[in-house]
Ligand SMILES: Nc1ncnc2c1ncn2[C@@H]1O[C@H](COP(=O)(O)OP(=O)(O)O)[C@@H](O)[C@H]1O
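Read the single chain below, which is given as structure tokens and is the form predicted alone.
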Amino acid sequence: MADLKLINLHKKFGSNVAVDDVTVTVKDGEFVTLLGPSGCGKTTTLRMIAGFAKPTSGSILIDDKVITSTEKNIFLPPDKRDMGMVFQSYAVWPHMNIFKNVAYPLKFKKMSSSQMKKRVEEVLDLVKLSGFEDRFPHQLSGGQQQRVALARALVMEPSVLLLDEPLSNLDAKLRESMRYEIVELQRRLKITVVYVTHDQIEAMSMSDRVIVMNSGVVQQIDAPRIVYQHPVNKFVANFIGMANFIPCEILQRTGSAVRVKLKDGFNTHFLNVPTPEEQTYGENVVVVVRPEDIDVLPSDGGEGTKGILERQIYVGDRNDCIVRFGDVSLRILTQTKYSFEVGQEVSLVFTNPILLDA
């Protein structure tokens, strides 16, 4: 296990900036996920950590040992970095049985046959593949092949485990079960993990912290719940889950709250939004609210802000609604006990509005 530090990492391909000044510390035993859309720089960052790509500038350290430094001209090859890597494509050798696939990295260590056999059996038991030693990859399911790739990465007892979209080739049900297996394994081994995915559910359900990237730049680093409930900008709010964006202008700041007016030409749509006192915003702002953070109430109750119900779909545990709020249509997922008709005026109560710069 180890701390992993990325310091001012840059990577350019010609004039294209793939990774732009990434500085991150992954703590010993932490599960951290690089999350973002295609082309955001997450896989390039992982490849630089693994030693498969050289940064244009910057440094990488494991427990304060420099393994990459453009300034000091240090670049350890992948096999000298004490890391295990699991690829999206599994990368298991079809002509080798499972035992030989997993044992292959141990050939570069001075181990006796009995030691090698014991270590392979231990790691296969760890990934729930005991008894599969003599089978070949084509005799295994996709999930089992991914476990083989995981076992091969773990057999050398690496200090850091890197996973590059390892579940993307699996069907939805198997992907879900493998998520929990990988997390359980990581916690049992207390190994430092850097995981790459574009799948929000994977990132949110597996990680201690999520690093959200876009256009090569780190947008936010936080625990999954913080990233979801307190995004730092419009990109993060839009990329993570569903969100409604309400353009507003600030009318008044009062302590830990800001009063804003919806920018739609009406004089009736106002919101009071809690916000940290030290935070400053421009006059033009956006209120972000998640669909599940809006309550729909009868309009005659006197509470909330008025809107017109435009759509209501019953989906079992909740109603999926569209409510017109001034000139803005809001997506709402509500468990309201009231019954409404399309076209009816309703009141909206925002339980967790988030204020961001426009």
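A quick note: this is a predicted structure, and the numbers were derived from the prediction, not measured. A residue's number is simply how far along the shown sequence it sits, counting from 1.
A second form of this protein, the form predicted in complex with the ligand, is not displayed here; the remarks below concern that form.
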So which stretch, 56-64, 316-324, 33-41, 291-299, is the one near the ligand in the predicted complex (non-hydrogen atoms, 4.5 Å)? 33-41
Classify Tyr338 as contacting or not contacting the ligand in the predicted complex by the rule of any non-hydrogen atom within 4.5 angstroms, answering yes or no. no
So, in the predicted complex, is Thr23 in contact with the ligand at a 4.5 angstroms heavy atom limit? no
Could you tell me if Ala18 has a non-hydrogen atom within 4.5 Å of the ligand in the predicted complex? yes
